[in-house]
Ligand code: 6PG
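Single chain ahead, by itself, as structure tokens, in the form predicted on its own.
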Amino acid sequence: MTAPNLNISVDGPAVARAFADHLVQRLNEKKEGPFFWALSGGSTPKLLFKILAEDYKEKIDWQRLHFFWGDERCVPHNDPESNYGEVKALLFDHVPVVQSQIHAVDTTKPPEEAAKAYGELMAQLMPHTADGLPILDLNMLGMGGDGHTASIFPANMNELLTDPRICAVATHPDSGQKRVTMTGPVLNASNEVAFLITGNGKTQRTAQILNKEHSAEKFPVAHIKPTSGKLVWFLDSAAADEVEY
């Protein structure tokens, strides 16, 4: 486990472009074979998907990419709240991805069944650790204003950060919406975790966690530290404003 690397850009679009360049670099480093990438929702990923579709269509070997989601709302894929649906509209419809390598959560199943099936799919397709956890090449995550990531919220973090299953069902603390989420051990088994965080609404929380303030441990993001992989924070200047570095 290593300290996070910080990549700070001027604004959200610049953060998205920095991550896009990072993705290209990571693919070049691995050189060949499948590349397992977990996506997230949020405003900065939306910018990223648009930039990838517009400017990186020829720069990326889309045939190598296998797409997963760190979490997904239990709604139909054509629902505006679907993380999968968002990526399809912004990215998949515009670049030569391999359709069979887009691994969406089957939200037609009841939540517990969907989580179990998604975990089984990940275990089947990916290399794994000695204790059977699938290893993602790159796990892209965001952070909510409450310090949550994927669908691991402060209210459920004690269970989900240590849950031995690959995926579990989370309940949104305010709306009660059910979601399928990767668990803490799986996030930390990734070869690399990359947080994309922008805006002055995230300034205080980012500083609390990266400055290791005494309150940081109550936020799920503070517990995402890859066991043997890399940790990178892609920040804009607003989110990084109070970080000591």
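In case it trips you up, residue 1 is the first one in the sequence shown, and so on. In this text, all values refer to a predicted model and were calculated from it rather than measured experimentally.
The same protein also has a form predicted in complex with the ligand, omitted here; what follows describes it.
Tell me which stretch of 149-157, 163-171, 108-116, 128-136 has a heavy atom within 4.5 angstroms of the ligand in the predicted complex.
Selected stretch: 149-157.
Taking heavy atoms only, is residue 142 within 4.5 angstroms of the ligand in the predicted complex?
It does: once the ligand is placed as it appears in the predicted complex, residue 142 has a heavy atom within 4.5 Å of it.
Report yes if any heavy atom of residue 43 sits within 4.5 Å of a heavy atom of the ligand in the predicted complex; otherwise report no.
Yes, residue 43 sits close enough to the ligand in the predicted complex that at least one of its heavy atoms falls within 4.5 Å.
Taking heavy atoms only, is residue 202 within 4.5 angstroms of the ligand in the predicted complex?
Close contact exists here: in the predicted complex, residue 202 approaches the ligand to within 4.5 Å, heavy atoms only.
Looking at the ligand in the predicted complex, which residues in 67-91 have at least one heavy atom within 4.5 Å of it?
Residues within 4.5 Å: 71, 73, 83.
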